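Only one chain is given next, in C-alpha cells, and it is the form predicted alone.
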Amino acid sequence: MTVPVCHVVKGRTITGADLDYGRFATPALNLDELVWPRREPGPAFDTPLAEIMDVLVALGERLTRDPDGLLAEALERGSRTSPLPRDVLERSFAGLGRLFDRRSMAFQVREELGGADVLDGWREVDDAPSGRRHRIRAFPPRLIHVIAGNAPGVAGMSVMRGALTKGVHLLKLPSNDLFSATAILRTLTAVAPDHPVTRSFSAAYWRGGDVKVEGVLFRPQFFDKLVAWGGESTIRSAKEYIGPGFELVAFDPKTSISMIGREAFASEATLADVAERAATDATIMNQQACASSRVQFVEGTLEQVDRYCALLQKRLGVERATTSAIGNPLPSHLRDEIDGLRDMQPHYRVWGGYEGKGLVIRSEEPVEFHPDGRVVNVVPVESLASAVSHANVATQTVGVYPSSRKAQLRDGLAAAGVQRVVELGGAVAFEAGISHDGFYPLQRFVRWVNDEG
C-alpha cells in the first residue's frame, strides 16, 4: 500500500498524492512556493535570538509530549518506509525533543559564534592593527538542506541550527526518512503558528538529482548555500550546482574505527566491558551512522584477539537506545564476500551468521569490502600507533580504549585526517557546539558581512 507523504511550506501542511514514487506518494511540487524572494528579508532576520530560543524550547517540550500525535503518525508511516526497525525509530523520535535544550543551544551560539550579539546585530571590532573600527554581523542565510535519512536526529539538528541562524531554510526529504522533518515542522506550527521562525522553514520531497527541480532551486537567485549530507553520489551531484554565490557546506560521507589497547585483556571482566563498549559503537543506528565503528584494531596475541572477537559478536545482537536486537539480514553480495573468507583460516576467521544478529571477521589486514549491516572487521596489531596509518580523511570517529591512550594517538590521527577521537563506547555522544566533521556548522551556515571603517 502506498504511504502518503506530506510537505510543509512556510508553516502550512500540504497533503496530496499527485506524485507516485511506488512505496509512497507526495503532493505536487510548487517550486515558486519553496523559495523566499531576495527582495524581502527572511521572516526571522530581525527576530531576537532570545525569542527564537523560547520558541525552540517550547518545540522541544511539545515534541516530547506529542499531544497532537504528529510524531506518532510519523512513526506509523515511517516504520513502513524506513530501513530502520520500528523500535529504533520509536526511541529516536522519543529523544528528538532533547535537541532543543536551552543550555545546549546557548552553548552552541557562544562556542561557534562568540555570542548572540553577532546574530542580533553588528559586533564592534575596535582593536584592529590598522586603528580603524569595524563592525561584523553573522547575517541570516538562505539555505537549502539535503539531509541524510540514516537518523531522525539529522532533521532535528538541521531545524535547530537553521532556526538559531535566523535564515530561511528548505529541507529536501530523504527517501529513507520521509517523516521526521515534517513532523518537527508541523509541531513547530502547533507551538507558534505564523511565528517568523515557523514561516522560515519548508520541507519537501523530490527525487535526488532531478534536474527539473534542482536546476531551478540550486541557484544563487534563491539560496546562498547548499548544506548536503549523505553518500558520495549525493555530494558529487550537489557539486554540479556549486558556483559563484552558491556555496557547498558538506557533511561528507564518513566511516569510523576503533583502537583497543592491550589493557583490554587485564581481566575477563575488563574484556567483557570492552566488548560491550565496542559493540555499542559499532551498532549506532544499526551501523548506519557515520560514527558507527566498522574496523577495530586490537593489540594482543591471536588467541587474545580471537577471544575478544567471540565476545564482541555476542554483544552485537543486543538491543540498545540506538539499535535493535536483530537487524536486517545481510545482503547477498556481503554474504558472498564473507563465505569466501570462511574457508581461509587461519588468515581469516568469522564469528556469527547472516540473520542480522551481528558478525565479526578477524583478518590480518582490513578487508577490501565495506563492512555493513552489523559486520565488524577486527585486525590484530602490534601497537595502536601502527594502526594510525589506516585512518584517513574519510575517518570521522575513532574510539580508543583505554581513554588514557587518546593523548598518544590524537595528533597522528588528526594528521591523517580524522575529525573526532573519543573514549571507546562514547561515539554516539555528539556534543552540539564543538566542531562537527571538522568545522563549526553555525559559522558555516551564516553569511559573514563587514561594515568597515
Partner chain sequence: MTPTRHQLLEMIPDPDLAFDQPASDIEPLQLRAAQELFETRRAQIPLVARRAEEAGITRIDKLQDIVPLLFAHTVYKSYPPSFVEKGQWGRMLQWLQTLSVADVRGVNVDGVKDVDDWIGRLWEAGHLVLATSGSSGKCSFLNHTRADSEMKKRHFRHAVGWPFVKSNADRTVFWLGPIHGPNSACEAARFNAENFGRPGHTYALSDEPLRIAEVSRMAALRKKMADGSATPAEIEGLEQQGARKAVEGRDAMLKLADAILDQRKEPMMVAGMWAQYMMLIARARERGIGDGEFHPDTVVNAGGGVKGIALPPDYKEQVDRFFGKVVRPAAYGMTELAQVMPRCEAGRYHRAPGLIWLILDRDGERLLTAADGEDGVVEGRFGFLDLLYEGRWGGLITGDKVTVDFKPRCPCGRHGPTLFDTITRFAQVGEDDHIGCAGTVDSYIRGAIAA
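Numbering follows the first chain given and starts at 1. Treat the numbers as computed from the prediction; the structure is a model and nothing was measured.
The discussion below concerns the form predicted in complex with the partner chain, not included here.
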All of V146, R236 and D343 within 4.5 Å of the partner chain in the predicted bound form, heavy atom check:
yes
Answer with yes or no whether F179 is in contact with the partner chain in the predicted bound form, where contact means some heavy atom within 4.5 Å.
no
Residue-level contact is defined here as any heavy atom of the residue lying within 4.5 Å of the partner chain in the predicted bound form; does L171 satisfy this criterion?
no
Mark G114 yes when one of its heavy atoms lies within 4.5 Å of a heavy atom of the partner chain in the predicted bound form, and no otherwise.
no
Heavy atoms within 4.5 Å of the partner chain in the predicted bound form: does Y205 have any?
yes
State the residue from Y241, Y354, F107, F139 whose non-hydrogen atoms include one within 4.5 Å of the partner chain in the predicted bound form.
Y354
One residue of E303, E382, D126, E368 in contact with the partner chain, assessed in the predicted bound form (non-hydrogen atom, 4.5 angstroms):
E368
Going by heavy atoms within 4.5 Å, which of 190 to 198, 99 to 107, 287 to 295, 312 to 320 lines up against the partner chain in the predicted bound form?
287 to 295
At a 4.5 angstroms cut-off on non-hydrogen atoms, which residues of 237 to 261 are near the partner chain in the predicted bound form? List them in order.
D252, P253, K254, T255
